[in-house]
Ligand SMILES: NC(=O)c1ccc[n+]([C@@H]2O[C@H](COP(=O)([O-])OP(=O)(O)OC[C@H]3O[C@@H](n4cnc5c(N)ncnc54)[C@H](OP(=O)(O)O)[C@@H]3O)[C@@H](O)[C@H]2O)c1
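Just the one chain here, the form predicted on its own, laid out as C-alpha cells.
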C-alpha cells in the first residue's frame, strides 16, 4: 500500500484515536488534531512506535479562521490524501430541561456540522485540483431518527448526511471521493456518558478497522455495526407517525 498523508480531527480518543492507530504505518504521515493535549500525545506516541511520522495540534476547531489557515498550511506542506473529519460533541439532554442551553447548542452545532462542512469544502477544492483524494465525514446513526433526548445532535448529524451526498455528486467527475460514516454505539468516552442502553456496542478499534477496510474499497456510506445498517433500512419502511410515537416515549 502506498504511503499516505492523512489528517484526522478528534484524534485524542475514541474513533479518531483508533483510526490513527490503524493508519500508523511506516511511510504514512499522520496529522492529528484533538482537544486533549495529553491524550493526543499518547496517541501520537503509539503511532510513532508503529513507524508513522506524526504531527499534532490542539486548538478550537470552531475558530474558523484558524481552522482554514491550519488546513491550508498542512495541505500546502504535503498534499493530503485522506482527511477524516471525526471531531464531534454529543450527549443527551437532562429530562428536566425543555431545550438545550443556547451556548451549548451553538458549540455542538459548530463542531458537529459547521467545522466538517467548512473543512470539507476547502479540501474538496484543493483535492479536485489534484484529481485525487478522499474526504470522510464521521456522523452517527442518530441522523436517521428524530431523537427527543438529543434533538440538536441528531439534526447536526442528519445535515452531514445530506451534505456528504450533495458534495459527492458535485465531485463525481473530479477524482475525489466522499464517504459518510454513521456509527451506532461505539465504546468511547462520549458514549460512556449516555444514560440510554448502548445496543450492539462495539469497541473503537473494531469500528476503526471496519471503517479503514471499507474506505480502501471506496465505500460511499458506512454504517456500523451491521445491525444498525439493518435498523436504518427498516426505519425507512416504518410509517413516520409510528417512529414518532415510539421515540416520544423517551
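Numbering follows the first chain given and starts at 1. Keep in mind that what you see is a predicted model, and the values were worked out from it rather than measured.
The same protein also exists as the form predicted together with the ligand; that form is not shown, yet it is the one meant from here on.
A.B. asks: Tell me which stretch of 171 to 179, 118 to 126, 81 to 89, 144 to 152 has a heavy atom within 4.5 angstroms of the ligand in the model of the complex.
C.D. replies: Single hit among the candidates: 81 to 89.
A.B. asks: Among the candidate residues 158, 111, 71, 167, which is the single one with a non-hydrogen atom no more than 4.5 Å from the ligand in the model of the complex?
C.D. replies: The residue from 158, 111, 71, 167 that makes the contact is 111.
A.B. asks: Out of 32, 223, 52, 186, which one falls within 4.5 Å of the ligand in the model of the complex, going by heavy atoms?
C.D. replies: Only one listed residue qualifies here, and that residue is 186.
A.B. asks: Since the partner isn't included here, can you check whether the ligand sits close to all of 10, 61 and 140 in the model of the complex (heavy atom within 4.5 Å for each)?
C.D. replies: Every residue of the spot touches the ligand in the model of the complex.
A.B. asks: Classify residue 36 as contacting or not contacting the ligand in the model of the complex by the rule of any non-hydrogen atom within 4.5 angstroms, answering yes or no.
C.D. replies: Looking in the model of the complex, residue contacts with the ligand include residue 36, since a heavy atom lies within 4.5 Å.
A.B. asks: When the contact criterion is heavy atoms within 4.5 Å, does residue 130 count as touching the ligand in the model of the complex?
C.D. replies: No, residue 130 stays farther than 4.5 Å from the ligand in the model of the complex.
A.B. asks: Would you give me the residues of 159 to 178 that have any heavy atom within 4.5 Å of the ligand in the model of the complex, in order from first to last?
C.D. replies: Sequence-ordered list is empty.
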